[in-house]
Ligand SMILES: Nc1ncnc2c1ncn2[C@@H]1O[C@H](COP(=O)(O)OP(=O)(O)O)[C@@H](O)[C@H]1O
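Here we start with a single chain on its own, the form predicted alone, put down as structure tokens.
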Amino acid sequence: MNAAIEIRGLNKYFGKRQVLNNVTMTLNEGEVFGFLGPNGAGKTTTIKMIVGLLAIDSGTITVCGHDVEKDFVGAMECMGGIVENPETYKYMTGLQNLRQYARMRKGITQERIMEVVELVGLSNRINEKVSKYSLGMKQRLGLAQALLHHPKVLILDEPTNGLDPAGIKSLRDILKKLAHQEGVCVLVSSHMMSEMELMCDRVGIIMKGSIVDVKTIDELVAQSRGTTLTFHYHVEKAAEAFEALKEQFTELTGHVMDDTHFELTYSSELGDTYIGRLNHFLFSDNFTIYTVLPVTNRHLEDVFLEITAEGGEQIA
């Protein structure tokens, strides 16, 4: 996988206060990367340095191989984004805004403009003045503007602001398509943990100006899940099936919920294939199994709150 953004040893001071401390991470082509952290952790500061809105005190940032300080133009040509709120001309229509922006870039055709309008779902309202747009529609227009020149890197700071649930799902689908089908590196900063969990391939968590961890969401959740696995069974004769399992596999714990449901728990050290042994035993003993589902109690939001809680443990 090729690196799209490489950040090495990034430091930033506002006066005597250090706001970024040796931030280092790599973002790859073809992934949606979530950048998470509490307010004041350094997310927006890092993003502003990537897009050249803040000077780098020390360290390096390269975008598609272009050093942001040494080859600013080359880095910016690879990039599109929305930092904080998208800027538009409110007295112009959405289409006029996009045409105005297209004049600043080479090779953007009318066909490309209409392509991104369709992509972000503004076809029915693109000829209306932006002053009539809702906040969510302005976010869509800003995304269309950022995508006009086929960027290899897309940076979005809180892109779900003002979007209703349908709009959020639509945005999620757009970003995943851009990353997975077109190879774009998408960097998303957001406070909406449930959406980040559904949207992102990997996440980086920043706290007090330092990177705490960079992992896939599954890795983060699994790492903090604990030492046991729990499964919910829907079976015929639940009490008899549960007792048969307990008699054969003495390491199991759990409880019967009703005539057709029980839950069982065992140590994760027994491995992912252990559940297959349990199911094979029930089938062999002529018990009918309707469904077996893992009981998932841990989500990205739980992990995030645990990591960033005052005095809480950090995942190494």
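Keep in mind the model is a prediction, meaning the values are calculated, not measured. All residue numbers are counted from 1 along the displayed sequence.
Heads up, the form predicted together with this ligand isn't pictured, but that's what we're talking about next.
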Worksheet item: Is it true that Thr253, Arg277 and Phe281 each have at least one non-hydrogen atom within 4.5 Å of this ligand in the predicted bound form?
Response: no
Discussion item. Looking at Leu300, Val19, Val23, Ile307 here, can you tell me which has any non-hydrogen atom within 4.5 angstroms of this ligand in the predicted bound form?
Written reply: Val19
Practice prompt. Select from the listed residues Cys64, Met49, Leu264, Ala41 the one whose heavy atoms reach within 4.5 Å of this ligand in the predicted bound form.
Written response: Ala41
Worksheet entry | Region of this chain that lies against this ligand in the predicted bound form, out of 41-49, 64-72, 266-274, 285-293 [heavy atom, 4.5 Å] | 41-49
